[in-house]
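Next comes just one chain, in structure tokens: the form predicted on its own.
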Amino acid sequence: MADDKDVLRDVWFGRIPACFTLSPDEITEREAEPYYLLLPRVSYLTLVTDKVKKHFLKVMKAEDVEEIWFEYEGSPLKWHFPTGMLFDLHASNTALPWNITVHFKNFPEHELLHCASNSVIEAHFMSCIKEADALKHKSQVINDMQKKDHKQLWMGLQNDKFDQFWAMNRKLMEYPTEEGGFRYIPFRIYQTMSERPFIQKLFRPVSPEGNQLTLGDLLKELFPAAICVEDEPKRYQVIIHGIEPLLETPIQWLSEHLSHPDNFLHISIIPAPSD
């Protein structure tokens, strides 16, 4: 892959300042102070919130505590999506810190997956990486890795170790030069305005004529409303890792540099703010 290590590093170390507040519905023995935390964009909420949980348990009785879950302005936050994508989708144009409400009861069974332990997050993460590699390399790279290599990917993410993670993930980002890119690009497009959890489709990074395809080409096929026609007001923002990449950016480059650790490009499409 192209060696834009600074981009990879900037993506990895992206943080979102968050303020966690206990829901007023919870029963406490005394007032619960809010808890502030810098959330890694590339991680998962349930992986980085042990301190949040411990903080609020200090003011609660054990019998009032069930499974922890998080909500933002009435929307339960799906922990199995990367934290940065959740912020981009739900809170991009709001003031920081990101105000997240913490709940310990009334778990929304129909909207969230249970997360009893980190092994659940690890299983989900590895399943995404395997799906991505099936798209990119027909699973050849991930299948050639040993169990300890899979563990290194997970431990790198869990312990926030950039070098440990990328020493192994680099292999998942390689492809034969003559092919010009991956077989298909692993991506998911999310919208708040849709009942579907996300859009995902087979999309090659290179056209049959051998031209590099761009983010704009992907959107033309899957979400044409996001492309601005001249003189029209902008209707949507297309956000990856908190930025709006140029539509001319090759999708292969984005896949190599702006994918989350699960090897997917997570693309949020939100209504453009009205001035």
Partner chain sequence: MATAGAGPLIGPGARKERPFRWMAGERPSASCYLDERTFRLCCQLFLQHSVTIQDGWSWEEIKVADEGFMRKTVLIPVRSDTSHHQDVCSVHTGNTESLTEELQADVEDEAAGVQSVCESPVVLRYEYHVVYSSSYQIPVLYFRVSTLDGRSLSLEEVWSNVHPNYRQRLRQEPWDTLTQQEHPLLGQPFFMLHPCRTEEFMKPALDLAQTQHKRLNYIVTWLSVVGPVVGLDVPLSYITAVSAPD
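On a predicted model such as this, the values are computed, not experimentally measured, just so you know. Residue numbers count along the first chain shown, from 1.
Although it is not shown, the form predicted together with the partner chain is what the next lines describe.
Visitor: Wondering, does Ser139 line up within 4.5 Å of the partner chain in the predicted complex on heavy atoms?
Guide: So Ser139 counts as contacting the partner chain.
Visitor: I'd like to know if Phe81 sits close to the partner chain in the predicted complex, meaning any non-hydrogen atom pair within 4.5 angstroms.
Guide: Heavy-atom contact with the partner chain at 4.5 Å: present for Phe81.
Visitor: Taking the partner chain as it sits in the predicted complex, is Leu89 near enough to touch it, meaning that at least one heavy atom pair lies within 4.5 angstroms?
Guide: Heavy-atom contact with the partner chain at 4.5 Å: absent for Leu89.
Visitor: Would Lys130 show up as a contact with the partner chain in the predicted complex if we use heavy atoms at 4.5 Å?
Guide: Flag for Lys130 set to yes.
Visitor: Indicate whether the candidate residues Cys228, Glu232 and Leu246 are all in contact with the partner chain in the predicted complex, with contact defined as any heavy atom within 4.5 Å.
Guide: Judged in the predicted complex, none of Cys228, Glu232 and Leu246 sits within 4.5 Å of the partner chain.
Visitor: Which single stretch, out of 163 to 171, 68 to 76, 108 to 116, 90 to 98, brings residue heavy atoms within 4.5 Å of the partner chain in the predicted complex?
Guide: Of the stretches listed, the one contacting the partner is 108 to 116.
Visitor: What is the one choice in Asn143, Asn159, Thr192, Thr177 with a heavy atom within 4.5 Å of the partner chain in the predicted complex?
Guide: Contact with the partner chain in the predicted complex is made by Asn143 alone.
Visitor: Out of 175 to 211, which residues reach within 4.5 Å of the partner chain in the predicted complex, heavy atoms considered?
Guide: Those in contact are Arg183, Glu195, Arg196, Pro197, Phe198, Gln200, Lys201, Leu202.
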